[in-house]
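Only one chain is shown below, in structure tokens, and it's the form predicted alone.
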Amino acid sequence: MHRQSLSLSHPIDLSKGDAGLLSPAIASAPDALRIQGLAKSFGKTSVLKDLDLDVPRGSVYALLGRNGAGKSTLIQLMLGILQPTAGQIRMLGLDPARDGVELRQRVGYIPERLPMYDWMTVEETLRFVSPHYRNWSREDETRLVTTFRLDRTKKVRELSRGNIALLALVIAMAHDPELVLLDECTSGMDAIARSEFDRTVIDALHGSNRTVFFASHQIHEIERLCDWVGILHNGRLLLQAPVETLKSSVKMLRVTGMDKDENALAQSPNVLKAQTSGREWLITVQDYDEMTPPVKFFGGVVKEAIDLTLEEIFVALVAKEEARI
């Protein structure tokens, strides 16, 4: 398994086992989530295609992708709500299709829209939900409600979108889950509410040793939360890697005196994006090696290697993939 492979045309490669059987690698994995050869179709529409994905225990993993990339479908498969067309999923060592009841006791889940009775108060909602979890802690519930400054007497319909998400976070965490899944849970919030929610999530999960799995298209907010990232596009995983590995391997080069061969640049597998700026070229490359940085590039002189944000890297990788199709 090449967990940190960053080549766009060669996503992570996990050994494949026989149909219906787990390969030795997946069977012995200590990871919180292990997915192998996963596919999901609805009729003739293929949503997920031969997906391999690994989430190390204790990590904060962000699965990034545009709306419609397949993120929510993947989470529903992970929870056993949907059944895969092909492939294997093991979450906390369990099979969601067979061990769904046990998994729901060990996993906290915040969907984009959490179904709640809007006529209930915060207190009534918590009293309604808590009996469904054997490890529900009244002490943890009280601590979280106090930390999030939720008013127990308010009805759900009276809460802001941000406070509804915080109530969902209480429900997801008060039973001490090993894995927390967040599916586009800041969708519909304004920028301030998203920032406050993200900061609250960081504070609540910091040092907890829980595994956290974000599915989001809000890349800017996610960047400061995660230590692992996967990029999903049109149902395929383009890559997954530790965030720092990805950011050190994708750079924008400032190059002077380069031969202006745009076709050659476009065909280079390591070039994600190229643009001119006066007499200089700004070229986004992958597989950049910080230990032996290039001095020359297509006959030009490399003047500088510029760091990129996770959002800039995402845009460049997706654009490159779409250009290949």
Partner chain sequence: MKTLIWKEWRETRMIPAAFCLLFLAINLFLITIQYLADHMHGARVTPPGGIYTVDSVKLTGVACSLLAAVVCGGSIVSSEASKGTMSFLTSLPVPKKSLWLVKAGIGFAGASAALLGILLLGLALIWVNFGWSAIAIAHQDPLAFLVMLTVLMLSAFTAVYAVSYAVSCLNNQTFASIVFAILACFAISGAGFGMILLLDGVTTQKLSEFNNHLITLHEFDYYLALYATLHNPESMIVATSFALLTLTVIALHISNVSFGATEEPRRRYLIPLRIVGKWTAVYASLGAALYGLYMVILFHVQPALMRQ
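Since this is a predicted model, take the numbers as computed values, not measurements. Positions refer to the first chain, counted from 1.
There is another form of this protein, the form predicted in complex with its partner chain, and it is not shown here; the text below is about that form.
Screening 87-95, 177-185, 110-118, 145-153 for residues having heavy atoms within 4.5 Å of its partner chain in the model of the complex returns a single hit, 110-118. The contact residue chosen from Leu82, Ala193, Ala241, Leu159 relative to its partner chain in the model of the complex is Leu82, the criterion being a non-hydrogen atom within 4.5 angstroms. Proximity to its partner chain in the model of the complex, defined as a heavy atom within 4.5 Å, singles out one entry of Arg210, Arg104, His217, Arg236, which is Arg104. Not displayed here, its partner chain is approached by His132 to within 4.5 Å at the level of heavy atoms in the model of the complex. Taking the partner from elsewhere, Lys40 is found to have a heavy atom lying within 4.5 Å of its partner chain in the model of the complex. In the model of the complex, none of the heavy atoms of Arg138 sits within 4.5 Å of a heavy atom of its partner chain. The closest non-hydrogen atom of Asp99 lies beyond 4.5 Å of its partner chain in the model of the complex.
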